[in-house]
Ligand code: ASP
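In structure tokens, one chain follows: the form predicted alone.
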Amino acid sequence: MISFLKDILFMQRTYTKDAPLKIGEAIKLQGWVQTRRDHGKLVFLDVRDRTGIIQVVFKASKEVEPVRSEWVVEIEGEVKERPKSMQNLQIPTGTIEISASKLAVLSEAEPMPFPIDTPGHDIDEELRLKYRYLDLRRPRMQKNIKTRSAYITAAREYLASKEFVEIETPMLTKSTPEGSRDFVVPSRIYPGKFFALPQSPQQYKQLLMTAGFERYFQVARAIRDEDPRADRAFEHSQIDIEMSFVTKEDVMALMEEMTIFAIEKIGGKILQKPFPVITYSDAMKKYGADKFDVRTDKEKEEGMLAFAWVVDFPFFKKKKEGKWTFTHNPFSAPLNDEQEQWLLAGKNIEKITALQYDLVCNGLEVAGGSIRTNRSDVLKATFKILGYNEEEIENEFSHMLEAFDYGTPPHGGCAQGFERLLTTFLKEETLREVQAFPQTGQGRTSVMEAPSELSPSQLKELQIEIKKTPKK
């Protein structure tokens, strides 16, 4: 009755979702054993693949006796309709079962370090991420990652319909001040010099506007050395967009249309369309923050998504030590010509408003962007306000200043932190629940032990010496 793998290779694989259409036919299944139930002379295995789960019936035998949960198996058998009294209408395959004739074990499995048939919220996160490849088997995580993929696919579909070009930008770049600490990478070829991993594709996407692409996007990785928290991590992905010859309203309208299109494709319910718009000043007066949740308790229970645009942010703010810093990024344009003159003259700094816009949803910032300056004198004046001298500006940003002198069109863009959006849509607590292999809350990688030490030979090749901090 039972055969080895070589005897059943000839038959085409059938996915579990298609089995109900093959009653009376012999099929081959491949997947994981979900559960095992022994009923004397009969053994029942629930077998799952990426499309669902199905019941397989074996006659008790020495071949099926050792098979346990999470073993990977290949099974040949006949699709049979279950008796009406034994049908399970809660699952798509609940009206049928497979009467097995052949079995091959493709991979055995050790006992699981934790249950994977539960939501998993009660399991220590460090343990879950150590065995993330197992944690991802649980139905909740399968749903989350597939929903993420569906959202990105929908966003790509929308942007392609609007004639955007998807372009990748470098992961090894220059360390420049963009708001957070950089992760840096030592160069073997240029000892003592370092690359930086990108906090965002900000400068490259502006250079693409100089290059004449006009409509760019990418699903970009952003890497920032900032303390992890529920809605922030060392690494995140964003849908990054930049457009030439646009106004603030143009960019906001496009981002809003894309968000509605993609969210509704994955079954999201939006509280209000079009999205309301509120100034930063009014948001602070009304909500005490520029990120707010306007939903009622009932709307929260219903899983509604409440979007709103926040506009007219201050360009600059004072740091504790009294120096000016930017509120969002230094590449934004001032609100109007008068404020541009203030910026160039370095006066009325506290009154300058940036053409900045943020999209908030359910109390989270889920997108942000601005109309950028395309003038080298304005960008240079911005960095002077931030405390940079001429030499520092030239060293850090000569590439941008020079590009702006070669016919850069007016442009603007936006980056959507869709992981935050999916976190609230899926009613999860942290970004880590919508990322396949996130860092832990303590900033360590999933599965692999990192950060880790380099070997002496690697340090020697990079000409790096590790000095221990003296004890105080």
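Numbering starts at 1 and runs along the sequence shown. For clarity, every value in this text was computed on a predicted model and none was experimentally measured.
Another form, the form predicted together with the ligand, is not on view; read the next lines as being about it.
With the partner omitted from this view, the residue of Thr93, Gln218, Asn374, Gln202 that lies near the ligand in the predicted complex is Gln202 [heavy atom within 4.5 Å]. Only one of the listed residues (Ala415, Val64, Ile27, Leu431) places a non-hydrogen atom within 4.5 angstroms of the ligand in the predicted complex, and that residue is Ala415. Contact with the ligand in the predicted complex, judged as any non-hydrogen atom within 4.5 angstroms, is confined among 391-399, 202-210, 96-104, 120-128 to 202-210. The ligand is not shown here, but in the predicted complex it comes within 4.5 Å of a heavy atom of Arg224. The ligand is not drawn, but in the predicted complex it has a heavy atom within 4.5 Å of Gln238.
Although the partner is absent from this view, Asn362 stays clear of the ligand in the predicted complex, with no non-hydrogen atom inside 4.5 angstroms.
The closest heavy atom approach of Gly368 to the ligand in the predicted complex falls within 4.5 Å. In this stretch, 299-335, the one residue having a heavy atom within 4.5 Å of the ligand in the predicted complex is Asn329; the partner itself is omitted from this view.
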